[in-house]
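Before any questions on binding or motion, here is one chain by itself as structure tokens, the form predicted on its own.
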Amino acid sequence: MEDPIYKSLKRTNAKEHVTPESLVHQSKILTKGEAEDVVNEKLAFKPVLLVPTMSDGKRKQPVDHRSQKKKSLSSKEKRDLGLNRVPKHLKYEQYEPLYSMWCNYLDEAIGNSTGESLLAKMIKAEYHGSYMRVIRCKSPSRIGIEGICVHESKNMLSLVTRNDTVVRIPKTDSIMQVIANMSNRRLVIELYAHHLLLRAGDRSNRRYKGKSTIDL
């Protein structure tokens, strides 16, 4: 059965050129003159896409800037470049302003907190620039070492002492005394360093649970 949509169209010779005007005219919707006006109007208001093309006539592919984003260095590349390497000798006086900045930072971070609220904020705090003293350690030679923390990794603390030497203290089996001279008070807190076995940037968003401690 012939489709009624095409039934109204007149059969044209295969050699005859078929134009949009003739098809619209054959559909008996518009006259030939009206069909020409419709086609001319569509051609007149047809949008022209101004897309830059290549020399061979092909369109230029859009550039994905996300793929061109510079990747950060891996841990191995940082070790090879020595970015996390701390020299054995540093000037203590150069890091005294850093300690003052850290005291101001801690004053804003903890506010007037006391008790468990204070301890919860201290365990998430940043310790680069803090003043620390080793009060207990499984290695007796490290007890009594004190200085400004110039570098903190997952397992180690690097302190620059008043003798302009850098000493590395393992967090495991060490108890540190943190001293902060703030504007309204002087704060002295003892921290079990093995509770800080995380990178400084990973502690802020972590939830902590109570851990058993061993007397040293």
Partner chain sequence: MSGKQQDQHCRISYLYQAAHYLLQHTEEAKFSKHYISTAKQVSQKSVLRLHPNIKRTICKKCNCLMVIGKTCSVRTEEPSKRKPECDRSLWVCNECGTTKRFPLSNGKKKKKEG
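Small disclaimer: the values here were computed from a predicted structure and weren't measured. Residue numbers count along the first chain shown, from 1.
Just so it is clear, the following notes concern the form predicted in complex with its partner chain, a form of the same protein that is not shown.
Quick one: 124, 128 and 205 and its partner chain in the predicted complex, is every residue within 4.5 Å by at least one heavy atom?
Each of the three qualifies.
Is residue 195 close to its partner chain in the predicted complex, meaning a heavy atom pair under 4.5 Å apart or at it?
Outside the cut-off, so no.
With the cut-off set at 4.5 Å between non-hydrogen atoms, does residue 151 touch its partner chain in the predicted complex?
Answer yes; at least one heavy atom of residue 151 falls within 4.5 Å of its partner chain in the predicted complex.
Do residue 141 and its partner chain share at least one heavy atom pair within 4.5 Å in the predicted complex?
Residue-level check for residue 141: no, no contact with its partner chain.
Can you work out whether residue 94 and its partner chain are in contact in the predicted complex, taking contact to mean some heavy atom pair no more than 4.5 Å apart?
Within the cut-off, so yes.
Going by heavy atoms within 4.5 Å, which of 151 to 159, 186 to 194, 39 to 47, 169 to 177 lines up against its partner chain in the predicted complex?
Among the candidates, contact is made by 151 to 159.
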